[in-house]
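One chain comes next, on its own, written as structure tokens: the form predicted on its own.
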């Protein structure tokens, strides 16, 4: 699939999930490289990269992955690039596997876990833990795109007990079910440890803080933002009001896709490199994104 088609599918959320978005983007750049017949490769590749990065502005795994491909293209022969991209994609898949093994150790037998939206990192961590432990998952509907339905279906398919709730029922569900832990994914981790995730996450974090329930984030390091290390702000994507409902006379609608959870509400961040405090985010950025920070 070429970069233009991929960008359209990412924008329409036909391709969804931060890691899947990143991998789809770099795969399209790999295919573009293989079929390229022009004479200004780097300039043309940069145009394709820009097209992809504009498709979802908040999910930082997308620009991180695309910028890494550009970095590789500028430092290696074009003939080497497809193989290097394949290696990068394999590493990202392995990161998810490693993360799930680490995160599963933080889930105990009998835990009741609440999650929000549809995170591959969260689902794989829960599935890994459920191999040896009894777990019950409470997942939110996650309006307006209802990604929670995907989460519930996935867990049910793997025979993991799951209860679907309204977004507005989080506080009641924590009390009713006796939730022990909150586990969510991330679209972006900023240099100060703040996490951008699906809208509504920060409210859940606030409630967890009030109830003194551990609030854990599971995310691959590709979702850490080097741009924030350099002082740039993360753009919060605003989507069409039609996702909420058709136009209403005299009513304006606001549909932000993400919000920020402050680091003081986050107990740990689970990555493929181990468990860190949110305040260690800058260390990950320096270690993983030195090539870009230079």
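Please read these numbers as outputs of a predicted model, since none were measured by experiment. Positions refer to the first chain, counted from 1.
Beyond what is shown, the protein has a form predicted together with a small molecule; the following relates to that form.
Site residues 66, 92 and 224 are none of them in contact with the small molecule in the predicted complex, judged by any heavy atom within 4.5 Å. Using a 4.5 angstroms threshold between heavy atoms, residue 197 counts as touching the small molecule in the predicted complex. The small molecule is not drawn, but in the predicted complex it has no heavy atom within 4.5 Å of residue 25. The small molecule is not shown here, but in the predicted complex it comes within 4.5 Å of a heavy atom of residue 17. Remark: residue 100 does not count among the residues lining the small molecule in the predicted complex, judged by a heavy atom distance of 4.5 Å or less. Shown alone, this chain has one stretch from 112-120, 174-182, 161-169, 207-215 that lies within 4.5 Å of the small molecule in the predicted complex by heavy atoms: 112-120.
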